[in-house]
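Single chain ahead, by itself, as structure tokens, in the form predicted on its own.
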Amino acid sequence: MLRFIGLGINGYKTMSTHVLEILRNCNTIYLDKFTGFVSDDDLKELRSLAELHGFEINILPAERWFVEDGRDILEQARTSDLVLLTYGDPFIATTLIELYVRAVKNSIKVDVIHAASGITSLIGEAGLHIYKFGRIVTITSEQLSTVSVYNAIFENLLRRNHTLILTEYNNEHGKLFFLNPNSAFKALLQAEMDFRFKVFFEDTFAIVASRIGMQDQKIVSGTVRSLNGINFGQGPHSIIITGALHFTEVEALMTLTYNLNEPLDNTANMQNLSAGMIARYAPKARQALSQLKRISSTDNGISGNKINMEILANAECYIDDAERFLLQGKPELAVLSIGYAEGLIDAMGVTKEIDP
């Protein structure tokens, strides 16, 4: 049997007698050191708790490669009772869901004991409404990760949603690493300079939650400029970029967190990419259109001039369509329409040997 057991966010302190009884009778216990952080002190206390109940436990570390590969875990679970201990709730981690699926497909009996998740806990501790969160993302020290996170914040803010950003944690080869929130802020500010979607600035309101469930947990809220002056200490850390805030969320943030600045609505200046494109391109297209009309009106040749004016009339209709589609909430059609308009304008420019 393969048993997934969540230790919750408080570790051994909230362990039930049922879990202790399982640990007493199981053959092998692994601690997942890949998907979440459990301190050495917690492990020491867990062993002490077992001794207090009259038995000893040997907990083996499960490194990233061991958990992701999973074949050894599944093979042992076929013939013996194996426990995989995890931080928080087991199936917050997609790696463990995949292992769960493989076990069931291979007819290996599975038992799951859920526990408090750090994700839901930190949202509640900050006083935010959980149903107002959009896509959750993880930021690492790799640049491609930052681009993905930046885009997720943009998409969530367009929907007026909050964004939860989990920061990189690594415990491979005995080297413990937590990505510092300040490094994450620096990377996102650079992404703003590169992409300019008006997503992330020093005045952006954010929340940093550190070591949720531990005695020294800390939740700080304020602008990125203010947060950059804070030493957040050891992780794990999570960052929340707030969207539109309900008045009860504002009150909670100012009461429940170490608040540095009054909470702001990060969605106030957000603009859909398509809307931004139309706002930039439509006036330029109309200006080029006006120039081509003047040139075409002075052309000799009645038939050629008539064709030219019909093409320009179509281009103008496409510009009108683009603006109308945008108002109707059809951004894809709006962008296609402005593209058709510019295509006709460019084609006319080629025939007239000008760049309108």
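Basically, rigid core = biggest C-alpha set you can superpose within 1.5 Å across the two forms. Quick note: we count residues from 1 along the sequence shown, nothing fancier. Please read these numbers as outputs of a predicted model, since none were measured by experiment.
Beyond what is shown, the protein has a form predicted together with a further copy of the same chain; the following relates to that form.
Peer 1: Looking at 262 to 270, 118 to 126, 176 to 184, 234 to 242, which stretch has residues with any non-hydrogen atom within 4.5 Å of a further copy of the same chain in the predicted bound form?
Peer 2: Residues of 118 to 126 come within 4.5 Å of the partner.
Peer 1: Using a 4.5 Å heavy atom cut-off, state whether V104 contacts a further copy of the same chain in the predicted bound form.
Peer 2: Yes, V104 sits close enough to a further copy of the same chain in the predicted bound form that at least one of its heavy atoms falls within 4.5 Å.
Peer 1: Any of the heavy atoms of K293 lying within 4.5 Å of a further copy of the same chain in the predicted bound form?
Peer 2: Close contact is absent here: in the predicted bound form, K293 is far from a further copy of the same chain, nothing within 4.5 Å, heavy atoms only.
Peer 1: Determine whether any heavy atom of R47 comes within 4.5 Å of a heavy atom of a further copy of the same chain in the predicted bound form, and answer yes or no.
Peer 2: No, R47 sits far enough from a further copy of the same chain in the predicted bound form that none of its heavy atoms falls within 4.5 Å.
Peer 1: Even though a further copy of the same chain is not shown here, does D72 get within 4.5 Å of it in the predicted bound form, heavy atoms only?
Peer 2: D72: no contact with a further copy of the same chain in the predicted bound form.
Peer 1: Going by heavy atom distances of 4.5 angstroms or less, which of E172, D194, E202, E251 would be at the interface with a further copy of the same chain in the predicted bound form?
Peer 2: Here the answer is residue option E251.
Peer 1: Looking at a further copy of the same chain in the predicted bound form, is some heavy atom of each of L31, S39 and Y150 within 4.5 Å of it?
Peer 2: Checking in the predicted bound form: none of L31, S39 and Y150 is within 4.5 Å of a further copy of the same chain.
Peer 1: Sequence order please: the residues of 123 to 155 with a heavy atom within 4.5 Å of a further copy of the same chain in the predicted bound form.
Peer 2: Result: G124, E125, G127, L128, H129, I130, Y131, F133, G134, R135, I136, T138, E155.
Peer 1: Superposing on the rigid core, does the Cα of Q328 end up 2 Å or more away between the shown form and the other one?
Peer 2: Q328 C-alpha, core-superposed: shift of 2 Å or more.
Peer 1: For L344, state whether the C-alpha moves by 2 Å or more between the shown form and the other one after rigid core superposition.
Peer 2: The answer is yes; the displacement is at least 2 Å.
Peer 1: Do you see a C-alpha shift of 2 Å or more at A313 between the shown form and the other one, with the core held fixed?
Peer 2: After core superposition, the C-alpha of A313 moves 2 Å or more between the shown form and the other one.
Peer 1: Y150 to Y281, Cα distance in the predicted bound form relative to here: closer or farther, by 3 Å or more?
Peer 2: Result: farther.
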